[in-house]
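One chain follows as structure tokens, the form predicted alone.
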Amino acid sequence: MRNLLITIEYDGTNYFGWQRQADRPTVQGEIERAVSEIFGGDMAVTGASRTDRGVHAYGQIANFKTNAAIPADRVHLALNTKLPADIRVRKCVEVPEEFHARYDAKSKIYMYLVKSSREEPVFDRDRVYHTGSKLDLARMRAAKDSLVGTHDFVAFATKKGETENTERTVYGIKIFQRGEYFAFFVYGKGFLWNQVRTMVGTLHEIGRGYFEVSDAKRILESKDRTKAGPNLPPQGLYLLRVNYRLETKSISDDVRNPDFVDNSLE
């Protein structure tokens, strides 16, 4: 049995998240439909991250198993003939049979995009979060390091269950600006539901002067969700990369940065 790993890029605007649903369009559902048409039968595809409705991806990872002999380097071309234009498989490689896209992941990198402008964007409306406030980059950078490390992040998460372990490890946070655009990169071992969007929401409130720089640490230690900033909308969030070995490089070296983001180190 062959085990194939695919790297997927998608615009999540028209989908109810990654995970398949019986009566709603999802990214996993579209991928499984395409895989089934190419390889035959009902094929199951396992994704590394269950992105929410409206969230995008540059580097979602998934795997599926097949006995078909199609060369791995041709699989993405075949799948893209069956997929809608807002979902693309960028590459395919064969991996060991025991590989699991979700359980073998060591870390993930997310990007959140904010546009700070007086007028709401037209062409970016489904791909960035628009804020009418001016943001102070220096204040947000001064606050972000309080959210790095292994902590109980319950203050930044939407609870799914009362018994869930809310301790997570964030390896690093970087914030870049180019013109009206701000890009927040969050690199961690794993995240609670809505953790990234709420962490960025809190940094946003610090950037516009609503919270103090010291409030990031205070909110973290409070373990009280009501004290943190808002859970920002999904359209600004992107799954950039899933790592399957522990990375030692800086975030700036390790991610694919959009052209409009300043890649210089702090």
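Just so we're clear, the structure is a prediction, and the values are computed from it rather than from any experiment. Residue numbers here begin at 1 and follow the sequence given.
Below, we refer to the form predicted together with another copy of the chain, which is not included among the displayed structures.
* To do: Identify which of R141, H76, R168, K108 has a heavy atom within 4.5 Å of another copy of the chain in the predicted complex; exactly one of them does.
  => Selected option: H76.
* Here the chain is shown alone; which of Y58, F211, F39, F64 has a heavy atom within 4.5 Å of another copy of the chain in the predicted complex? -> If I apply the 4.5 Å criterion carefully, the residue I get is Y58.
* To do: Check, residue by residue, if D52, E221 and R225 all come within 4.5 Å of another copy of the chain in the predicted complex, counting heavy atoms only.
  => Checking in the predicted complex: none of D52, E221 and R225 is within 4.5 Å of another copy of the chain.
* For G190, is any heavy atom within 4.5 Å of another copy of the chain in the predicted complex, or not? -> Because no heavy atom of G190 falls inside 4.5 Å of another copy of the chain in the predicted complex, the answer is no.
* Applying a 4.5 Å heavy atom distance criterion, does K174 contact another copy of the chain in the predicted complex? -> K174 lies outside the contact set for another copy of the chain.
* **Y10 within 4.5 Å of another copy of the chain in the predicted complex, heavy atoms** => Residue-level check for Y10: yes, a contact with another copy of the chain.
* Asked: Might E119 be said to contact another copy of the chain in the predicted complex, defining contact as any heavy atom within 4.5 Å?
  -> Contact check for E119: yes, within 4.5 Å of another copy of the chain in the predicted complex.
* To do: Tell me, please, which stretch of 149 to 157, 86 to 94, 132 to 140, 99 to 107 lies within 4.5 angstroms of another copy of the chain in the predicted complex when heavy atoms are compared?
  => Result of the contact check: 86 to 94.
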